[in-house]
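As structure tokens, one chain now follows by itself in the form predicted on its own.
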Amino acid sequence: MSSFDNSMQTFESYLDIGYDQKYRPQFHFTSRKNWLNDPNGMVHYDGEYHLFFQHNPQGTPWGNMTWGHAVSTDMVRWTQLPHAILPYDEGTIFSGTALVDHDNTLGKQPVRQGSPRQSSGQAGQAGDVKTLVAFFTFAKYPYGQSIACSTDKGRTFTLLNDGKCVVPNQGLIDSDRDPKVFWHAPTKKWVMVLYVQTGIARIFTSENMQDWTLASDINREGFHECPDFVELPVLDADGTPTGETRWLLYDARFECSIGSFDGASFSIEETFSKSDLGPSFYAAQTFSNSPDGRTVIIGWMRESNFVEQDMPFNQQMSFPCTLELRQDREGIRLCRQPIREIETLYKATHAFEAVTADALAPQLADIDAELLDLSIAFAPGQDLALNMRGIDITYDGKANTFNSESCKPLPAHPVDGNIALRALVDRGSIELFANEGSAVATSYVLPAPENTSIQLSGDADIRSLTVHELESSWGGAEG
């Protein structure tokens, strides 16, 4: 009988690690210590957002892949819990999905205590706590896809069928991986999208989550690992639903395609390349069972090598963002913007309107801010230079691009007579959102700790500038 390798349950040793190190991100998720990468199993249930993640419980380099675990009520303030799914049978635990088994498909929902049937010795009635089901890649060559279940709101997991694979290796490569699983209501079936080879994502369907039937293949040049697949409403330019929807498929590099899905096959209408123009956004995933209809995405901010600064942790997550499709005169565009819950971290706000860069200089000099949420709007056709904590961002009025050493040129054409940029700056990152998130760049950057200044120059006519100073999201965390 397979069981988890409990030597990997090292979480007790994490509890003496706080969040106050010199380079510890203050509003981006990091593990208390050791390595993390891909977000896994992101799901909402009973007032909690669950963020599972690829994790090495024994060190700061990649290895010993395990599902780490954290929970939050607002996606901003996280509490890390003991590691959720541990290696077993000489294999490790790669990426996957978690979902709520609302209709008790697996039959694992706990029996309600004291139900009439239970007292008579018969099978009792299902209780109120739904089962959380995790699909993951069992990384032992050749890889396959397995299931673990939790009946206590994600606090502990047990292997289904002793961890045996419910979807075996497909034979195209030894390492097909990263199952995305969801319920498709129109066909009343579960759907799995699986990376099976470069350029191919395979679709399976099931009625019971254990027996899976091959439905179709999605062929897209260069498609590579960590698929996510989600239906999004199409909004107009003002954010009002048009009544249409599209399915969005993307891979680890955030190469995105939109199209239609009938429960068995996906027809691609358009593919967006370079959907994040920074070097650090990878293996992103969206929350399932979202309570308010939003689609919220988090990615691994790869190459965040904090161990080079002698930190006890390594790597970080991007800040949660809404994911939207917006229709304008040029077609449908993909937009990402920070979730509104960031406003709960605002501790001071500085707002300016209809000013020049020169006039702002002395007022900006009075702002001493380590953590920033900054938004600026200015007239098109002019140049601008913005420096936040030593990070230079310039705008080329002829090319209509924002430019930085940390990312590729970020296109920003005039919208309603304005150029707009929003920037989130933490101790180890900068995230840029141009024109309401129609162009985004995510970058690992280490600002000099002693530099908490903001500087602005150029001939641009600044319509508005708002600087929010943020407090740490770790204020209530132990340690």
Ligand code: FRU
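Start at 1 with the first residue shown and count on from there. For clarity, every value in this text was computed on a predicted model and none was experimentally measured.
Another form exists, predicted together with the named molecule; not displayed. Remarks below refer to it.
Here the chain stands by itself, but in the predicted complex one stretch of 23-31, 60-68, 445-453, 42-50, 60-68, has heavy atoms within 4.5 Å of the named molecule. Every residue in the set Gln54, Asp178 and Tyr282 has a non-hydrogen atom no more than 4.5 Å from the named molecule in the predicted complex. Scanning Ala148, Cys226, Leu386, Cys321 against the named molecule in the predicted complex with a 4.5 Å heavy atom cut-off leaves one residue, Cys226.
Out of the listed residues Phe94, Phe378, Trp78, Phe261, Phe94 is the one that sits within 4.5 Å of the named molecule in the predicted complex by at least one heavy atom. A residue is said to contact a partner when one of its heavy atoms sits within 4.5 Å of a partner heavy atom; Tyr250 fails this definition for the named molecule in the predicted complex, lying far away.
A residue is said to contact a partner when one of its heavy atoms sits within 4.5 Å of a partner heavy atom; Asp38 meets this definition for the named molecule in the predicted complex.
Although the partner is absent here, Phe157 sits far enough away that none of its heavy atoms falls within 4.5 Å of the named molecule in the predicted complex. Although the partner is absent from this view, Trp300 contacts the named molecule in the predicted complex, with a non-hydrogen atom inside 4.5 angstroms.
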